[in-house]
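This document starts with one chain, in the form predicted on its own, laid out as structure tokens.
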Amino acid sequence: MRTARTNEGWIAVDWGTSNLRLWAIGPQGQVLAERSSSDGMGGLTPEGFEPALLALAGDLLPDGQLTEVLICGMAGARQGWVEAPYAPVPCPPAGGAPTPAPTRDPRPSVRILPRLSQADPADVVRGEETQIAGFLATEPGFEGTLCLPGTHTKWARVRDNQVVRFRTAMTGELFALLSTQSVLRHSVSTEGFSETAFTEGFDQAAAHPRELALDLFSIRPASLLADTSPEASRARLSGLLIGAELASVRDYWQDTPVVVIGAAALSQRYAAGLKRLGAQVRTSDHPALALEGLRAAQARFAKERT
């Protein structure tokens, strides 16, 4: 017989394209276990999500009772476990009703948080909204811009604990494609970095973003004619792309506080570039904002049930 658990634990899940991460949360909100795997959405069919979850968390699900599992991220994509709806901005991040996901195993009660959408210009947020919710849970009342660098960097304007508008830049994906599948792959290393080359590329693109296509190609002849090192070419490519991105989203960071949220190395690069352009910027060093966002959503759902 399935019985709901009362005043007991639950499982928080951040399901990305490449990785799956979860936390077992105890009755007092303490983290009892933290686990991760490479079973990201990109490698799964809809039928593969439940087995992937059980492989990682099966021993955390007691028999004979129902354990709540709250998921954010790509499990709610069209190609995911079950498609979760989009909440149109302006709205609170991770503030809508979650979508139930079907399971064959009787132990988990799985729900997936909604994502964010924007009609004009067309854009979506799928996962980062929970990090934004986590940030606002730790800094309620923040007004300004949140920058979340990554494969697809998000820029979100936040006011009154809501996401007002946002844009997505494909900078990380462009870097990966250009460095591995374009002619630049012959000049760019897979490791190593030159801060000087990055800064030179950043300054060039930030000042002249319309010349980006020309400046990108120049990386190849520079390696042929000037014997530019692969490490310097890699750094220049990064600098050009990030510089052009920051120039294109000036209205998101000019004359407003900016907080950069993400992996330390990439966040520091974005923060350094923003500072060079005169922005008021800092980085968030909170280790698990997605978890904080899931906790805030779970607390809201619990309150709504009482």
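One rule holds for the numbers: they count along the sequence shown, beginning at 1. Given the structure is predicted, the values throughout are model-derived calculations rather than measurements.
Unshown form predicted together with a further copy of the same chain; subsequent notes refer to it.
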- request: Just one of 141-149, 192-200, 123-131, 102-110 has residues with a heavy atom within 4.5 Å of a further copy of the same chain in the model of the complex, so point it out.
  value: 123-131
- prompt: Can any non-hydrogen atom of H186 be found within 4.5 angstroms of a further copy of the same chain in the model of the complex?
  reply: yes
task: Examine V259 and determine whether its closest non-hydrogen atom to a further copy of the same chain in the model of the complex is within 4.5 angstroms.
output: no
- prompt: E231: heavy atom within 4.5 Å of a further copy of the same chain in the model of the complex?
  reply: no
task: Indicate whether a further copy of the same chain has at least one heavy atom within 4.5 Å of a heavy atom of A244 in the model of the complex.
output: yes
task: Quick one: from V82, V164, A137, A222, grab the residue that has a heavy atom within 4.5 Å of a further copy of the same chain in the model of the complex.
output: A222
The unique member of L266, L54, V281, V249 whose heavy atoms fall within 4.5 Å of a further copy of the same chain in the model of the complex: V249
query: Using a 4.5 Å cut-off on heavy atoms, which residues of 10-45 contact a further copy of the same chain in the model of the complex?
result: none
